[in-house]
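This document starts with one chain, in the form predicted alone, laid out as structure tokens.
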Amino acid sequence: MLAKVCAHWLVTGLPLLLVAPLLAEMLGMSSQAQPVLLLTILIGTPILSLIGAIGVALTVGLRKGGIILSLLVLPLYVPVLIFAASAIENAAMGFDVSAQIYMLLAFLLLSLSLSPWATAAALRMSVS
């Protein structure tokens, strides 16, 4: 499961990480906020992939699971997006961003440790 999530991140998260500096420069983001942007993308995208894996495992047996998947996963994405956006905004204003980065790291460690078991349990429930 972790190998599949890692492959998903390499296909989706890594290109986003590589294109982000160019897009940030094109949109006029301050030079203070750009390293924080890269750091939040580096930490946040694996979290989103791991949460998405749980959602997909829950809806794998359903015919029209797209809407249910959105309803299950989006509320779990919101805290990650809020902390990442807050870190970037604070960096742009020159404030400290360590609290937001630490929260994102906590989310990453939590999702890395719990996601494999939750995904395996959800797959067992969906298949049976």
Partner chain sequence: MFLWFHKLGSPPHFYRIAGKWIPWLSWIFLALLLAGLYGGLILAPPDYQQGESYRIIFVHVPSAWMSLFIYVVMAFCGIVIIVWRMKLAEVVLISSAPIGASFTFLALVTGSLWGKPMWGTYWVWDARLTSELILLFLYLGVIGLHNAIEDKRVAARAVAILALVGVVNIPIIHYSVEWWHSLHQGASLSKFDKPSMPPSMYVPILIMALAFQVYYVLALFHKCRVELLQRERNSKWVGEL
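Values in this document were obtained by computation on a predicted structure and should not be read as measured data. Residue numbers count along the first chain shown, from 1.
Although not depicted, the form predicted together with its partner chain is the subject of the following passage.
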Exercise. Of the options L58, V97, L48, L39, which one has a non-hydrogen atom that comes within 4.5 Å of its partner chain in the predicted complex?
Worked result: L58
For this session: Answer for I68 alone: is it within 4.5 Å of its partner chain in the predicted complex, judged on heavy atom distances?
Result: yes
Problem set entry | Exercise: L16 in contact with its partner chain in the predicted complex, heavy atom 4.5 Å | no
Exercise. Any of the heavy atoms of M29 lying within 4.5 Å of its partner chain in the predicted complex?
Worked result: no
Problem set entry | I82, heavy atom within 4.5 angstroms of its partner chain in the predicted complex | yes
Exercise. Can we say A7, W9 and P116 each have a non-hydrogen atom within 4.5 Å of its partner chain in the predicted complex?
Worked result: no
For this session: Would you mind checking 102 to 127 for residues with a heavy atom within 4.5 Å of its partner chain in the predicted complex?
Result: M103, F107, L110, A118, A121, A122, M125
